[in-house]
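Presented below, as structure tokens, is a lone chain in the form predicted on its own.
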């Protein structure tokens, strides 16, 4: 799920003397610019497994195929739900624009036989019953946030910056559903590996973790990520995503990334 891993993440402390000079000199915004510019490959196809886990430990498993294509500074992504029967043929389409335009999203629900465009006011809502909301499915506009380096930490043996992200206005809080975040960025590859989000108008918090990453064809990709919703010390719900059969430079026609195609299905 490419950009998903850029939105949020976290790590543990290190002595500044042990850091390379570049790590000391970079500002929080410069780090986030490098996260945003990180190579993600083009024409990508991957198989996803989404597991929804409730507070009692009950699990629901969904299979998804994801297609991603870059068109200049823009990115298009189509996700098709393959199973189980209650979500089969559901599809999700996203356009991320490289300029200042808001991203576009559409959800096709086969029971209604129509696609719904996701309005800005709905992007804080849960994506398909998961702990990810619609705003998590796209990359945030860096200009809408203030960033500050809080500290440096180790996460699973890798050095990270821990960066606080704060929305600059209420409109961004309303759209995303988050009032503050902490992002954990690896210093060797500028990949987000952990994150924390404070849910607006709530005592709930969301914890993102990306415990498995791998370099494929020179591109760092997430193989597994989790998002956990907690209230205090209590876990309310958890979503686990696994990415398999990640393939780059596939022959993907732009017609794959249309509302007509998500309504037609694979």
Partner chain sequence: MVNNIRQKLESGLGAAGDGIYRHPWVALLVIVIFFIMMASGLKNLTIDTSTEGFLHADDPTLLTYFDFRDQYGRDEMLQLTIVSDNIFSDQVMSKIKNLHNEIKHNVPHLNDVTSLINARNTTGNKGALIVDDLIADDAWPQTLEDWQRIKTVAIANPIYKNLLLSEDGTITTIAIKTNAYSDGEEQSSDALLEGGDELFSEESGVDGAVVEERLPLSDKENGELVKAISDIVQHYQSDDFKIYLAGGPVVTATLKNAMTTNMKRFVVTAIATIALILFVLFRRVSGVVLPLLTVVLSVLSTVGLMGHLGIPIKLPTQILPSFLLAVGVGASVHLLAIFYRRLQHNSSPEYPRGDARDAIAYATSHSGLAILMTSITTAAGLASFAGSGVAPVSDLGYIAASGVMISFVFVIFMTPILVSIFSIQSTIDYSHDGEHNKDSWIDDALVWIASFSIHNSGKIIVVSVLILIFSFIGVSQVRFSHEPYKWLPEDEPSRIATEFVNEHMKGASSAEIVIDTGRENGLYDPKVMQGISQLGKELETIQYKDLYVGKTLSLADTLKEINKALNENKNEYYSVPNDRKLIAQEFLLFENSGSDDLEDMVDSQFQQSRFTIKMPWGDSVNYDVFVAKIEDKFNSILGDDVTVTVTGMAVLLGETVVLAMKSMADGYLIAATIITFMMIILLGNIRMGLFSMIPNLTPIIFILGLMGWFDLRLDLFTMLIGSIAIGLAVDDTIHFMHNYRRYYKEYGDLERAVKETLLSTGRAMLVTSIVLSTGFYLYMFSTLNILFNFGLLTGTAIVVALLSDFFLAPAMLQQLHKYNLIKSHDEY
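A quick note: this is a predicted structure, and the numbers were derived from the prediction, not measured. Residue numbers count along the first chain shown, from 1. For the two forms, the rigid core is made up of the largest set of C-alpha atoms that agree within 1.5 Å on superposition.
What follows is about the form predicted in complex with the partner chain, which we do not show.
> Any chance residue 146 has a heavy atom within 4.5 Å of the partner chain in the predicted bound form?
Output for residue 146 is no: heavy atoms all beyond 4.5 Å of the partner chain.
> May I ask you to check whether residue 59 falls inside a 4.5 Å heavy atom distance of the partner chain in the predicted bound form?
Contact check for residue 59: yes, within 4.5 Å of the partner chain in the predicted bound form.
> Please run the contact check for residue 134 against the partner chain in the predicted bound form: heavy atoms, 4.5 angstroms, yes or no?
So residue 134 counts as contacting the partner chain.
> Might residue 189 be said to contact the partner chain in the predicted bound form, defining contact as any heavy atom within 4.5 Å?
No, no contact at 4.5 Å.
> Is it the case that 117, 233 and 236 all touch the partner chain in the predicted bound form, with a non-hydrogen atom of each within 4.5 angstroms?
Contact check passed for all of 117, 233 and 236.
> Would you point out which of 201-209, 66-74, 38-46, 215-223 contains residues with a non-hydrogen atom within 4.5 Å of the partner chain in the predicted bound form?
After filtering at 4.5 Å, what remains is 201-209.
> After superposing the rigid core, is the C-alpha displacement of residue 171 2 Å or more between the shown form and the other one?
After core superposition, the C-alpha of residue 171 moves less than 2 Å between the shown form and the other one.
> When you overlay the rigid core, is the Cα of residue 161 off by 2 Å or more between the shown form and the other one?
No, the C-alpha moves less than 2 Å.
> On a core-based superposition, does residue 180 travel 2 Å or more at its Cα between the shown form and the other one?
Residue 180: C-alpha displaced by less than 2 Å between the shown form and the other one.
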